[in-house]
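There is one chain below, alone, in C-alpha cells, taken in the form predicted on its own.
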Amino acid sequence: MSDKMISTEPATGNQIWRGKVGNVDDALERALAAKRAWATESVSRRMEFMRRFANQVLKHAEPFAELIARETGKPLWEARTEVEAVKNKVEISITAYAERTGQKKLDSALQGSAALRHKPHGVMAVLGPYNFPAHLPNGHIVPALIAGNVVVFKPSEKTPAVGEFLTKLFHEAEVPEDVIQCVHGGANVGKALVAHPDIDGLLFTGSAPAGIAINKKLAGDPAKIVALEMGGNNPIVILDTPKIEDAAATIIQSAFTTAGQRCTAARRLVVLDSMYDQIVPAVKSMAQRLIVGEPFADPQPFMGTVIDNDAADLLLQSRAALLDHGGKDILAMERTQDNLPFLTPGLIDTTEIDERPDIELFGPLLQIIRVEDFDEAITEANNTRYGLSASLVGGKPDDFDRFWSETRAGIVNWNRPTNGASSAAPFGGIGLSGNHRPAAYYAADYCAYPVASTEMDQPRASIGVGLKDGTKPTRKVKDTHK
C-alpha cells in the first residue's frame, strides 16, 4: 500500500496537492501528551486563541476560498461563503459555550453550595467531508478546542489540501501544533482513528453507511462520545401558492446549490396534482438556465462539478436505474465533458415507481412525486428512513403548523429552501441522518460533559438517626468486703 496521496482539481484534472498518509499512533501519542496543558488553560485563554484563528482566516480569506474552489470544483462565490462561515463559527461557538456549558452556582447557608461545571472529554477525533471541507469539520473543531479538548482531524481523502490549510491557520494563530493535528489518509486511516483506544470521542460528518459503521464499532464502548452528522433524503412539499417563480427558485436553491452535494439538499419534490402543471415547467425552465462551469469562470456559474468522475458515474447510473424502473425524464441530467465531472441539473418524475429507493443521491438529480392532497404529501415526505431537512412551500400558517408537527426531521422550514441552515441554530436530524447529537450551535453539548458538585469550605456533618448510644458501659467492681 502506497503512503503517497494526490489530490486533483475536479474541474481540470490537474494535480493540486501531494502528501503522505498520516501515522495515527504517532498523532494520538502527541495528542495525549498535549491534552492536560490545553485543558488547564482558562476558557478565556482558549477563546482568545480561537479569535486569533478567526483573524488568520480573514487574513487569508481569498487564497483559502480559491483553494476550496479548486479542490472541490464549487464556484468561487460559494467558496467565499464557506470561508466566511469558518470565520463566523468562532463567535457563534463562544456564545454557545457560555450559554450551553457555562458555570452555575447555588448557595445555601447551611448546606454549602451546589455547582455545575463542564469538563472536556480529552482527545477528539474529527472526520471531515469533502462537500464543505473547511466549514463542516471546523464546526466540530472550534467548539471542541474551546471546551478544552485536543483534536486529531482527518480530512476527506478527496480534499486533503483544504484540511491541511485549515489546520495551518490554527497553528498560525499559535494554537499548539499537538493540540490540533491533521492526519491524512483514506478509509483505513479513518477506521484506525475510530478504533484507537486513546480517543475519547468521535465527531463525524459524512454518509449514513459510514456513520452506521462507526456507531456499530463504538457501541461497546459507551465511554466514548459519538456525534454523527449524516445525510438526508429530504422532501420539499409544494402546496397552493400564487408565487410560482419564487417557489421554483426555492426548489432550485434546495436541489442544485453545491451541485446537489449538500446533506440538506432537496432530493424529492412532492407536489399536489393541482400545482404540478404550474410548478414543474417553471422549475424545468429555471434549471435549464443554470450556468454549469469551472470555479473561476466569468460570469460565475451557479453550479460547478461534482467531486470526481466516480461520483458523476454513480449519479448517471442511478438516473438510468430510476428510468428503468418507471421514472420519466422531465429534464435529463447529462455529463457535459467525458473526462470531467460536470453534470447538468436533472429532473425525473418517479411517481409511477412502486418502491422508490430510499437513498441519498448526492448530486444534482431531483425526483418529482405527484400527490392528491396534503395528507398524501405528508405521508410521502415521511416515506424515508432519513430525517434531516424538510420544507413546505405555499399553504397557510395552519398548514405549516401541521407540517411542522407531523414531519419527521431535525430542520423543518416554510417557504425557505431545505438547505442553508444557520450556524446559530442546532443542526442535525433523526433516523439515518443523525444520532440525536445536533451540531452547529449545539456542538457545545457534545464537546464537554457536565459535572455536578456540592461544596463546603470545611467538613460539617452529623448523624442524627440510627446510632447506638455513644456512652461506654460502666464495669462493675467485685465487692471483696462481703
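Numbering starts at 1 and follows the sequence shown. Quick caveat: nothing in here was measured; it's all calculated off a predicted structure.
FYI, the form predicted in complex with nicotinamide-adenine-dinucleotide isn't displayed, but the following is about it.
Options 117 to 125, 330 to 338, 209 to 217, 365 to 373; stretch whose heavy atom lies within 4.5 Å of nicotinamide-adenine-dinucleotide in the predicted bound form: Stretch with heavy atoms near the partner: 209 to 217.
I'd like to check something about Lys191: if you look in the predicted bound form, is any of its heavy atoms closer than or equal to 4.5 Å to a heavy atom of nicotinamide-adenine-dinucleotide? Heavy-atom contact with nicotinamide-adenine-dinucleotide at 4.5 Å: present for Lys191.
With heavy atoms only and a cut-off of 4.5 Å, decide whether Ala187 touches nicotinamide-adenine-dinucleotide in the predicted bound form. Although nicotinamide-adenine-dinucleotide is absent here, Ala187 would touch it in the predicted bound form, with heavy atoms inside 4.5 Å.
Hey, in the predicted bound form, is Phe204 touching nicotinamide-adenine-dinucleotide, heavy atoms inside 4.5 Å? Residue-level check for Phe204: yes, a contact with nicotinamide-adenine-dinucleotide.
Answer for Leu136 alone: is it within 4.5 Å of nicotinamide-adenine-dinucleotide in the predicted bound form, judged on heavy atom distances? Yes.
So which of Lys74, Arg268, Lys154, Lys89 reaches within 4.5 angstroms of nicotinamide-adenine-dinucleotide in the predicted bound form, heavy atom to heavy atom? Among Lys74, Arg268, Lys154, Lys89, a heavy atom within 4.5 Å of nicotinamide-adenine-dinucleotide in the predicted bound form occurs only for Lys154.
Scan Pro295, Gly231, Gly346, Pro160 and let me know which has any heavy atom within 4.5 Å of nicotinamide-adenine-dinucleotide in the predicted bound form. The residue from Pro295, Gly231, Gly346, Pro160 that makes the contact is Gly231.
Enumerate the residues of 377 to 410 that have a non-hydrogen atom within 4.5 Å of nicotinamide-adenine-dinucleotide in the predicted bound form, in sequence order, or give none. Only Leu388 sits within 4.5 Å of the partner.
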